[in-house]
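Just one chain is shown here, as structure tokens, and it is the form predicted alone.
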């Protein structure tokens, strides 16, 4: 069992199923010649995992763990699968959720709507705007935006992972009746009318990851966003991706009819957030690993426990992992951008 490639994005694995899956992965170490996961920094080659399998595992894990404790003992459910960043001083006063265990993820969603062009657009419509998020994860960010950032908006949260959408339907949709819709779909295949959304939001979505190029998947992704956005509406996008890829994407988006109207590099703030969040992530990973019996298997359990520990921390960009160092070295830069569709 290779948990990095073998799981289905259409499944929402139960706690018992996850126990069996993890145990099978641990036992597969008997036939494994070389681990796909670097014990040094948690790096996993792009060729060695399938994002559908990886996120199927992660979202089922988040749900199955339920309420966990942070490093201070505060209880919360892990729903923001976002690295986020500390609130930039140039943006003014920080939002009032700075004591929340998942505050950096909330910042990432609040920050999508911080720019003056976006604020002016929202104000002109008295806040009554419609948002489609491509790659919403659990919908935690959608709920945050609807509740705290744009309280008059309506929102469709779209993700290909069934486990993530079920969390959204369970935890967030009932709290916002008629305003939040959760849709399980590959966002590039989403059948929606032309020019119907005021905003398409993209927050740390698993695209634009190859250095300096726009892939076929990226092409489909951006064309779908352009199709849905009204003339004058916005693509709001935040992520940490290979630095040369930003310019490649901007050039491509310009050919579609977008204009870059706001851009902020928050890489320094993203690194600071990972430093400040380290204790919480360490505590969370410890709780996850302790929950699975297979890690107690002699020899193999200890080996795979070490792999799971560093891999989970790498995907969270914890300090000293490969993805964290990519930001420190500015191989990856985290930017928050707004692109307006030309009228």
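Quick caveat: nothing in here was measured; it's all calculated off a predicted structure. Residue numbers count along the first chain shown, from 1.
There is another form of this protein, the form predicted together with a small molecule, and it is not shown here; the text below is about that form.
81 is the sole member of 81, 167, 245, 110 with a non-hydrogen atom lying within 4.5 angstroms of the small molecule in the predicted complex. Only one of 156, 269, 77, 204 lies close to the small molecule in the predicted complex, with a heavy atom inside 4.5 Å, and it is 204.
Contact check for residue 59: a heavy atom falls within 4.5 Å of the small molecule in the predicted complex. Looking at residue 185, you'd find a heavy atom of it within 4.5 angstroms of the small molecule in the predicted complex. Among heavy atoms of residue 217, some come within 4.5 Å of the small molecule in the predicted complex.
In the predicted complex, no heavy atom of residue 146 sits within 4.5 Å of the small molecule. Comparing 224-232, 85-93, 127-135, 249-257 against the small molecule in the predicted complex, the single stretch with non-hydrogen atoms within 4.5 angstroms of it is 127-135.
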